[in-house]
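So this first bit is one chain, no partners, the form predicted on its own, shown in structure tokens.
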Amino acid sequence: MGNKIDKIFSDLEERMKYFSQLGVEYLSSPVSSSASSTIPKSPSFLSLRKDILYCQRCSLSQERKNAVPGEGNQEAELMFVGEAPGHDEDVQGQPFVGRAGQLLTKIINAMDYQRQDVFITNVIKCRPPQNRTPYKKEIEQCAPYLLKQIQMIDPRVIVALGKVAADFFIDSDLSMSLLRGNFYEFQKVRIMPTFHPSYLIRNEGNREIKKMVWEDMKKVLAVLGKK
């Protein structure tokens, strides 16, 4: 029992250190699982999920283990959209479950949300070989799924994680460094582009990048009336 308690406190200390590095000045109590939005999927949402799981629109369907439709609250006010599933996501059929996913979960928690309160998905729903950048044709063929998800969920804000996601929503040749931190509009939804969690991992020692992402998230929270 003593070792278990020590591990809990160790995990808590590590999490608080991470929040401190992000520049979080205070934390309110996180939403409990019982109080979070746990809404059963509607028949139309389940139908869309099934379409994604059995999709054969492009060659990626021939190499995947699992398509990854996304998960979370189907009436979420906040969506996170990444590039594509990676190895862990392909194996488990869930979005953002690898190292980048663990980091995204920490960011979501720091925003005083739980994963089940938001909706998390990717621009394309199948893993490209060796995690390469999705081809334009693959994005075009998969786009109707993401567009339908956005239409059904009707979020107030979408956080676009990384350049591929940002380019899906924003017609611009600007780099991520110039795009991030500014709101754009896509079909009446506010888009906040920011660095992908995998970019933060690749630059793990750069606290400035972490602070930039947290500044972006604070702007999102302000729009949602959370801070």
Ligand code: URA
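From a predicted model like this one, the values you see are computed outputs, not experimental measurements. For every residue, the number given is its place in the sequence shown, counted from 1.
The same protein has a further form, the form predicted together with the ligand, not shown here; the description that follows concerns it.
Residues with any non-hydrogen atom within 4.5 angstroms of the ligand in the model of the complex fall in just one of 105 to 113, 135 to 143, 77 to 85, 151 to 159: 77 to 85.
By the criterion of a heavy atom within 4.5 Å, residue 96 is counted among the residues contacting the ligand in the model of the complex. Taking the partner from elsewhere, residue 180 is found to have every heavy atom lying beyond 4.5 Å of the ligand in the model of the complex. Within this chain, residue 163 is remote from the site of the ligand in the model of the complex, having no heavy atom within 4.5 Å. Counting a residue when any of its non-hydrogen atoms is within 4.5 Å of the ligand in the model of the complex, the one hit in 121 to 152 is 122.
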